[in-house]
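Below, in structure tokens: the form predicted on its own, a single chain.
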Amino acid sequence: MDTKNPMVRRAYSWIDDRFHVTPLVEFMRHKYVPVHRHTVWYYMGGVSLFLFISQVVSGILLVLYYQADEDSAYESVRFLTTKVKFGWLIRGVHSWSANLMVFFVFVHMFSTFFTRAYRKPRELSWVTGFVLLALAMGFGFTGYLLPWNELAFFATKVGTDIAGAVPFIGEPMKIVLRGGEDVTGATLSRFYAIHIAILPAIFTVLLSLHLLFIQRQGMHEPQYLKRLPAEKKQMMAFFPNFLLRDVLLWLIVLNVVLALAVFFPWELGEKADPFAPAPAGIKPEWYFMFMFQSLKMLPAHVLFMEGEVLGILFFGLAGLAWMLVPFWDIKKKSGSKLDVMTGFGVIALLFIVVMTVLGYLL
């Protein structure tokens, strides 16, 4: 380590003698990021990571006041947002960062797909990234019920009913999720445990693996860039150049989250009443809307199958195929104008966008 400050040198030497950090410092010093017209997409993963960290920090603060009980969950959230100093802001940051994280993970996934960054040797980076997206949506589904308000209660009832329609395993899975036949305080306790313990543990392990894969393999280079000679490639040092740009973007995103929390505070709504009729217009979070709307538009029966079951099977198989994209990737033939994979990606993206918009308009 080159520094003229003797105290810094002694501190570094003390740490290095015990933890051998010099190889890591050398690795960071010689790590570079390709600079090209698609470089902006490299930052989407970092933004997703920052938003996850924001949720962890804000979630810890919320846990200090939240009570996962059918009789006191709603009151604890109301107390947090009305009596605790800046409690409303912390809850807003937690909710908005959760939604933005899912959005940026979707952006990160599709940018990875369209730039073909999932190809060898990055197959496992893609698979772990897809599972992280599924877990992020699981965070949203389990966290939605925790305020125990009217909208969340009936949306959870609808969501678990859909899960119960899965062939063979659906009904047992619904019972496990609900802790019984109906959505009750047992459901709230289970969702709370899943939200703050089970999902974070799995997410942290997979996130660590995902980051390890990326660090070991480096940033993906587009095909046209690989063909250029080394002297014609423009590279940026990861530390400190790329990292400082990443941190600057994090600060911008933090300001956006704070602005959303201040000007569009997360409403609490009415307390859930299991004996009241479901209010009109029950809808899931926006990232489930395309599936919800698709299931609504299916007829009651398609040939010999129920429409809802057919839709669930379709989304299950489509999700599995998407996760395994690196293993069935159809490469473009030399000189061919048809890029099959781009077509698949465009169709999938348009389907998600159109169904989401229809879900809010119809």
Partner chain sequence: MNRRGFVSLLLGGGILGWLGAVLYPIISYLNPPKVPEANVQTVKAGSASDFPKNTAQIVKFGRKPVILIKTNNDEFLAFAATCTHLDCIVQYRGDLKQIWCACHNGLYDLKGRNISGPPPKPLDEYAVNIVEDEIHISEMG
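Treat the numbers as computed from the prediction; the structure is a model and nothing was measured. Residue numbers count along the first chain shown, from 1.
Unshown form predicted in complex with its partner chain; subsequent notes refer to it.
Contact check for Val176, Gly180 and Pro277: all three have a heavy atom within 4.5 Å of its partner chain in the model of the complex.
Remark: Tyr192 does not count among the residues lining its partner chain in the model of the complex, judged by a heavy atom distance of 4.5 Å or less.
Taking the partner from elsewhere, Ala300 is found to have a heavy atom lying within 4.5 Å of its partner chain in the model of the complex. Taking non-hydrogen atoms only, Lys157 approaches its partner chain to within 4.5 angstroms in the model of the complex.
Under a 4.5 angstroms non-hydrogen atom cutoff, its partner chain in the model of the complex has Phe292 among its neighbouring residues. Annotated contact segment (heavy atom within 4.5 Å of its partner chain in the model of the complex): 180 to 188, selected among 180 to 188, 68 to 76, 113 to 121, 249 to 257.
Exactly one listed residue, out of Leu146, Ile162, Met219, Leu206, brings a non-hydrogen atom to within 4.5 Å of its partner chain in the model of the complex: Ile162. Scanning Val107, Val127, Leu89, Ile282 against its partner chain in the model of the complex with a 4.5 Å heavy atom cut-off leaves one residue, Ile282. Using a 4.5 Å cut-off on any heavy atom, none of the residues of 122 to 143 reaches its partner chain in the model of the complex.
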